[in-house]
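Take a look at this single chain, the form predicted on its own, given in structure tokens.
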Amino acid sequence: MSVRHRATARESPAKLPPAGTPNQVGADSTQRLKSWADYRSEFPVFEDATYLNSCSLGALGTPVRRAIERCLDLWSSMGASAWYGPWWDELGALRRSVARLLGAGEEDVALCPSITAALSAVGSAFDYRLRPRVVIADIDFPTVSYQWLAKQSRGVEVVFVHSPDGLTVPLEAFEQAIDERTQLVATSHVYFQSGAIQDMAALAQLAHARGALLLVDAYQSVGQMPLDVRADGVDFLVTGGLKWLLGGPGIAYLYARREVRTALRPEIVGWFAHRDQFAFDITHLEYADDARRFEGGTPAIAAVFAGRAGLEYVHEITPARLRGRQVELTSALVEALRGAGLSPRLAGTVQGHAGIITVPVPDPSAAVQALARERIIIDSRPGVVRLSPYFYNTVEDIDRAVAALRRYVR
């Protein structure tokens, strides 16, 4: 089947959630089916650009912009009163939305301003004297390793598991690295430099078999594919609005498993971590019973509004359908790259990847700049360029980007 033929098939309407959602129309509760083109029309960047860089920053949808404007309108009309009404309600609504996406409960979710803040709170909660080791893959995002490298003066031992191909890490390598002195395995669900998917459930089993815990960096996975933190046995998971959850910067999410978190006392906290924060008890710190014990200070409320609006896309389309769309678009991308004489890097098959494909090219930064002059937005990492389609992209986007990349290489 040709790429063009597949593109036509993929423009069929996307199914919608049950009646009662914002897409419901008409007095008889009849739903209007939204096509991928309908969704695309809500992202203004496509009016004059080919955008294939969601792995760095998700495109801005008009509902997200409207959510931020609503936050500002409430600030303008209500002042501080907004905090104790609609703004406060939005915090709970966002926790519930994240929990629903992860297969967790609202009480399992903490809101943080960044992945760094979430990792800092978790990393501060352990006694490393008996279990000083933290196992990390050498292809994880640097923020993950920096968190524990900075604690080496306190006796923390960072053990790097080596990737043999720069794409993924065999489970056997993790198994060999985890021992009875391992406190935590901290690694990615999807590796940021390659898009390769790691088996979270298998990692959890390996960690738990040695008495260690598993922390998953899911920044590059949540939103692209279904997952269930409870079924997979994950102890901690971090993700955020910046990329595939379409909420922009300033908002990140931490899942903390109840059976683990209740015994932990994070040292990096703020007043939102207190069990009764409005008691303003300055002399006693009593941790919240739920995951809020990992929260810090007053959140950036505009980012909270944006984060929840971005999540609505994922809920509406559903992670399962998003995953199907990603496989289709990523397959088309790999086929187009190979047809252009380029060499996409794959860890096995396309099904083993999320929506990130990397391609070795001479001077990747120059390639990104060259394509940007044609209003084609991609990204680079050492030695490669990254292309990352999402549901709002089309095969025409892929064809245009690949043709430009081929011209650059030649």
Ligand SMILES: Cc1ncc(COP(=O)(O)O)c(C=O)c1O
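One-based numbering along the sequence shown. None of these values were measured; they are calculated from a predicted model.
Here the subject shifts to the form predicted in complex with this ligand, a form of this protein not shown in this document.
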Item to check | 236, 148, 305, 219 - the one with a heavy atom within 4.5 Å of this ligand in the predicted complex | outcome: 219
Item to check | Candidate from 331, 124, 114, 277 lying within 4.5 Å of this ligand in the predicted complex - any heavy atom | outcome: 114
Checklist entry - Any chance residue 141 has a heavy atom within 4.5 Å of this ligand in the predicted complex? => result yes
Next on the checklist: Although the partner isn't part of this model, could you tell me whether residue 243 comes within 4.5 Å of this ligand in the predicted complex, counting any heavy atom of the residue?
Outcome noted: yes
Checklist entry - Is there a heavy atom of residue 192 lying 4.5 Å or less from a heavy atom of this ligand in the predicted complex? => result yes
Item to check | Segment that reaches this ligand in the predicted complex - one of 195 to 203, 256 to 264, 114 to 122, 152 to 160, heavy atoms within 4.5 Å | outcome: 114 to 122
